[in-house]
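Quick heads-up: it's one chain on its own, the form predicted on its own, in C-alpha cells.
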Amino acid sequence: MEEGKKISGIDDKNQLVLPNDIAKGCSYFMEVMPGLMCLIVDHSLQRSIELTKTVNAEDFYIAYFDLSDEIDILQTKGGAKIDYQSKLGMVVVDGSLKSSYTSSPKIYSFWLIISRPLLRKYLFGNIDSSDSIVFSSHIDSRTRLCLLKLKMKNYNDPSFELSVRGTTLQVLGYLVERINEIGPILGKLSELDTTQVIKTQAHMMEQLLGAFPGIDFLAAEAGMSISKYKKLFKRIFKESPNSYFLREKLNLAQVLLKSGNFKSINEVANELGHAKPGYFAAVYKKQFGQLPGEVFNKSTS
C-alpha cells in the first residue's frame, strides 16, 4: 500500500476490513478445503494504492482473476485521452515470487491460493519443489461467467458461503483443464529470470499505444542476451514477444472500438499508432475474424 503502510483484519464473517479513508466495499477470504483458499477483493478506492504480495507463500501457487474495468478514459482539456493500464485478466504465478501492482479505482478480483501438492495432484506430469508455473492470459468465457454470477451475490446472503465454495471449485477445475492444455510447467527456471521476463511483459502492456519496443531493448531490460530472452519469453508466454505485443494491442483496439469515444475508425487506428488504416483493418480481421467497422460504436459527442 502507499507510503509503506500495512492493512489487515478479517472479521468473524471472513470479511476483510479496510479503513474507510482508503476504500469502501467488502472483501472476503475463505479456506475452501485443505490446501485451497480463495480471496475476493471488491473495493471502490478513495485513493490510489499499490498492493504488494510479499514472499511468504513458497508452497503455494496464486491464480488471480481480474474483473475490474480494462481501461480508464481520462478527459483532458485537449479532448479524450486514453490511459490503458495492463490488465491481463488472469495470472497464475508461484507464491514465492514477489509482485505488486497499482490498483484501479474500482477493484473486483478473485484469487485462488493453491498448495503445490494439491495442484500437482491434478496436473499432467510432475512438479517438484524447484518447478515454476507462470501463466497469463485473458479470462476464458466459462470462468468469467462463473465469477460474474458470484459477483452478483450479496455478501450477507445466508447462501453466500456455499456459493463461494462452489465457485472456487469450479474455477479451479477450469484452471486445471487450461493449464493441462497449454502445459505451462516451466521446469527449473530461476526466480530472477522469471521475474525479469515478467517485468518486460509489464513494460509492453504499458506501451500498447506505441510501437513494439524491440527485442534488443527488452532483452537489455531483462539483463539477458537476445537469444536467451526470446527463448525464455516464449517458454513462459507461449509466443514471441512481438506476437504477444500485437495480440494485446489488438485486444485493446477492440475495447476502444466499442467504447463510443471516437468519431471514426481512423481515430482508433491513430490512437494505437497505426498510420495505415488498411493495415489496421487487416490485422484486426485476422485476429478476430471481423472488420473493425463491424464492432465500431461511433461517438455521438
Partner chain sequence: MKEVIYRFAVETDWVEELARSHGGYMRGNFTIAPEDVFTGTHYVLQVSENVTVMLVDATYHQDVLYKPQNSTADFAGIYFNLTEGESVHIMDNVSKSVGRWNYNLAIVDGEFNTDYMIKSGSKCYSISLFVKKSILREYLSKTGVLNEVVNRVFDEEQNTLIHYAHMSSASWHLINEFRKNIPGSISFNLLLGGLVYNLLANCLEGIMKREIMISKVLPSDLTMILTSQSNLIKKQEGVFPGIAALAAEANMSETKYKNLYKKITGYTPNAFFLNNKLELARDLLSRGQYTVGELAEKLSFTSASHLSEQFKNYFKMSPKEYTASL
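Numbering follows the first chain given and starts at 1. Since the model is a prediction, treat every value here as computed from it, not as a measurement.
One more form of this protein, predicted together with the partner chain, exists but is not displayed; see below.
Remark: I139 does not count among the residues lining the partner chain in the predicted bound form, judged by a heavy atom distance of 4.5 Å or less. Within this chain, S159 lines the site of the partner chain in the predicted bound form, having a heavy atom no more than 4.5 Å away. When the partner chain is considered in the predicted bound form, Q207 lies well away from it, no heavy atom lying within 4.5 Å. Contact check for T195: every heavy atom lies farther than 4.5 Å from the partner chain in the predicted bound form. Listed residues Y155, F217, Y174, F212 were compared with the partner chain in the predicted bound form; Y174 is the one with a heavy atom within 4.5 Å. Contact with the partner chain in the predicted bound form, defined as a heavy atom within 4.5 Å, holds for exactly one of R165, K199, K231, R144, namely R165. At a distance of at most 4.5 angstroms from the partner chain in the predicted bound form, all three residues Y122, L169 and N180 contribute at least one non-hydrogen atom.
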